[in-house]
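A lone chain, given as C-alpha cells: the form predicted on its own.
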C-alpha cells in the first residue's frame, strides 16, 4: 500500500516537474531563462562526471578535457566546414569526444586510485596545451566565436541561438541524454560497474571483463560531457580555453559533491545549486570562490551525502514519523 502510494507520488511529481519545465519561458525573464538553461547544461556535465565517480569509483581531475573537446569540436566544425547543419555539428562534437574517451580510456584505465586521478590531470593539461598551441584551429587565447545555424525541421527552420528556442532545444536534447544515462545505470552493464566498484576480484571470478565494462562507462561519460560542452558553446556563442581548464573540472567536481554522488539526480541538484549560488555570490563579491570552497568543505565534513543525501535523510525521517503516528493511532 505504501509502495503504491510512493509510486503514484513519484508519477505525479514527474508530471508536475515536466509541466513546470515546459512553462519556464513564461515564468522567467530573459537573463533568468539563460541562467536556467546553463544549469540544465551543467546538469548533464555533472551527471557524466558522477558516472565515473559515483558508479565506478574513479576520481577524475581532468573531466573538463571532454567538455572542452566537445565545445571546441562543435565550434571548429561550424567555422571550418561550410554548410554543416546544426545537428551534424553536434553529432561531430559527440563523435569526437567519444573517440577521445576511447583513446584516453584505453591508456588511463590500466591504473586506478591516485595514479588514475593524476593521469587524468595530466591529460587535461595536455589538451589545454593543444588548445593554446594550435591557434590556427582553436583560436588560442582568443577562443572561437560560435554562430549556431538554424535548426531545419523539413517545412521550416528554428533559430536556436538564444531565448526560449534555445531553452527548449537544450531541454529536449540534454534531457534525453540525462534520461539515457539514467537508463544505462539501470541496465546489466551499468549495474555490473557498480558491482565491480564493490568487489572487482569477485566479478572477474564470475567471468566479467571488468576492464571492458569500465571502458564502456568511461567512453559514455566522455561522450555525454562532450555533448554538454557543445551546448555550452551554443549558449555563450563563444568557446574559450576556460571550457577545457582545470577550473572547469573543479566546477563539475564541486557540483557533484555538493549534489551528492549517492543518487542519480544528486549531481543535477548540485549543478543548479552551484550555478545559482555562484551567480548570486559573484554579484556580491569577487571572492566568491573562497565562499564556495568553504561551502564545499562544510558539505564534505557534515553532509557527506550532499543535497541528495540530506533530502533522503529528511524523507526517511518523515516516513519514520508517519509510521510512529500510525502505530500510535493503532494503539
Partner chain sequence: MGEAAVFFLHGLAYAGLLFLVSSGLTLVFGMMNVLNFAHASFYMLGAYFAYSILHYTGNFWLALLISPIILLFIGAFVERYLLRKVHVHGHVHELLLTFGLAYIIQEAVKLLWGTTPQAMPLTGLLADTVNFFGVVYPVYRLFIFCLSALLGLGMALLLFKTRIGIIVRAAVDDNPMVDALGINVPLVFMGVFAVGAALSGFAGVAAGPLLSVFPGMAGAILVDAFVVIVMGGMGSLGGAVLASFIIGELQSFGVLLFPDFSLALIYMLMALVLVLKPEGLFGEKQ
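The structure presented is a predicted model; accordingly, all values stated were derived computationally and were not measured. Residue numbers count along the first chain shown, from 1.
Beyond the structure shown, there is the form predicted together with the partner chain, which is absent from this document and is the topic of what follows.
Heavy atoms within 4.5 Å of the partner chain in the predicted bound form map, among the stretches 108-116, 83-91, 209-217, 223-231, onto 108-116 alone. The single contact residue among 76, 178, 100, 254, judged by any heavy atom lying within 4.5 Å of the partner chain in the predicted bound form, is 254. The partner is absent here; in the predicted bound form, the one residue of 277, 28, 290, 35 having a heavy atom within 4.5 Å of the partner chain is 290. At a distance threshold of 4.5 angstroms between non-hydrogen atoms, residue 168 is out of contact with the partner chain in the predicted bound form. By the criterion of a heavy atom within 4.5 Å, residue 236 is excluded from the residues contacting the partner chain in the predicted bound form. The partner chain is not drawn, but in the predicted bound form it has a heavy atom within 4.5 Å of residue 301. Mapping the unseen interface onto this chain, residue 133 counts among the residues with a heavy atom inside 4.5 Å of the partner chain in the predicted bound form. In the predicted bound form, the residues of 52-83 lying within 4.5 Å of the partner chain by at least one heavy atom are, in order, 59, 61.
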